[in-house]
Each structure stands twice: as C-alpha cells, then as structure tokens.
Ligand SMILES: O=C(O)C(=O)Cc1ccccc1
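There is one chain below, alone, in structure tokens, taken in the form predicted on its own.
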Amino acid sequence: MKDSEIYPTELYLSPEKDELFQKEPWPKPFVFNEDVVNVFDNMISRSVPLYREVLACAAHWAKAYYQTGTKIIDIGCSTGTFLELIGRFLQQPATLVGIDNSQPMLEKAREKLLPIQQIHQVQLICDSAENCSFENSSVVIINYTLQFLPLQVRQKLLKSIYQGLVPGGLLFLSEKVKSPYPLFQETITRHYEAFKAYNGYAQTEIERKKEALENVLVPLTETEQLQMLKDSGFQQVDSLIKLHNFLSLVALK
C-alpha cells in the first residue's frame, strides 16, 4: 500500500513537453527565460536521472531536520516543485522560502503553491542567492543550481548558508558532477545521453542542449564538491544518491 504521508513520491509537474531544441533557433547560451520556464518541469524530469527520487528524498530529510519556528529555504526553487511537495508532506505549519532569479519561474511557482498556503507561510524571492539571507533556517535545499554559479560565488554562498543555518540545520545539495578520470567521464557521458534518448530526446536535441550549456553549467568533481562544503564549515557531510553524473549530498551544521 502506498502512503504519501510516509514517503512522498508524486510531484506536481506541468505537462507542457520540452521541444525547445528540436529546431532552430534554439536557446544559446542557455538562459531561464519564459520559453524554458514553460517546459522546465518536463525538461528537468526527462534530463536528470532519479529526479523524482531525489525530490522525495529531499522532502524526507527536510521533514526529519526541520525545527519548529525556523525556515525551509529552496535555492533555485524554479517552478516550486520541491516546495509544493514538502508543503504537502510537512503537516505542521512552516515558513517555506523559494529563491530564484527568474521572475517567470516564480510566477509558475506562485500558481503551483497556492493550495499549500492554507497551511504554510510561503515567501518567494526574486534575487540571486548570494544576495539573500539564510538566517533562522533549519533546512536549505539547493538542487541543480550551484553548478550554474561562478566558482568563487559558490564558495561564498555555501559559507553564507552555513552561517545562516541554526545548530543542527541541514543542507541538502544536488549537483551535476564530473569524473576526474577521462575514460570514466566518457563512459558516463555516453550513458547519460542514452538516458536522455530513452526519455524521448533526439540526438540533435541532445547535442544542441549540450552546446547551449557549455560554459554555462560548469561541474566539479565529487571530491571538489565535498571539499567546498568542508571549507564552508560543514564537517558532517555524506552522499545519498549518485547515478551517472548526478550526485546528492547532505551536510549538517
């Protein structure tokens, strides 16, 4: 028997199909404009291995580490999918904060999050994460967002998150990573592209999106990512999920 109150799995995803890269002109370089936003839910669910499982896992950990009277903050909240999920899963009232620098993303999120506002206080902030405060947060989620920031900004942001978390607060981080070994990276890339082809993307779409993301999404190795977390103050860090070139980590203050 499936019970969403025990382990949430169903995501509120918009149905619009991602066909942005089927024909020219395609988005180059990749930006989160209105065209991308309209198909983003479909794009990310077809492009990120174990996307549903990662968000379900994040909700489970968020519920476990949430402290009454504090905030749950989702950095790069996009269309609000995680916030909507944790809003259904977490029965006690909480302050849920979504941060994104794309106003079209937040407009989608605002619509998606209307039902959970009967229980929770929802705040949506249109700004770059490095400009925001994380004070009085017990859970911070940053899924597939850090990878788009310049390296020096990533370290500064992680330190700011660490400082803002209350003692015992949790950071849940998911990122695209790369292998330090060229042969492994080649194999990972081949399997990842096969995954996207299985999900209905044509080879031309895969190549065009890769080109659009070049120098926009810059991944680190797993070792580099772990070191960055430790340099930011987190000493208890562990990996939860990894498939191909995608990794989810938890870090405790």
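Counting begins at 1, following the sequence as shown. These figures come from a predicted structure and were not determined experimentally.
Although not depicted, the form predicted in complex with the ligand is the subject of the following passage.
Although the chain is displayed without it, the ligand can be placed by superposition from its pose in the predicted complex; doing so yields no atom within 2.4 Å of a backbone or C-beta atom, and the site is open. In the predicted complex, at least one heavy atom of residue 43 sits within 4.5 Å of the ligand. Using a 4.5 angstroms limit between non-hydrogen atoms, residue 162 is distant from the ligand in the predicted complex. Put simply, residue 196 is close to the ligand in the predicted complex: some heavy atom of it is within 4.5 Å. In the predicted complex, residue 176 approaches the ligand with a heavy atom inside 4.5 Å. For the options 38, 47, 189, 70, the one in contact with the ligand in the predicted complex, meaning a heavy atom within 4.5 Å, is 47. Residues within 4.5 angstroms of the ligand in the predicted complex, judged by any non-hydrogen atom, belong to 210 to 218 and to none of the other stretches in 180 to 188, 223 to 231, 60 to 68, 210 to 218. Applying a 4.5 Å heavy atom cutoff to the ligand in the predicted complex picks out 148 as the lone residue from 138 to 163.
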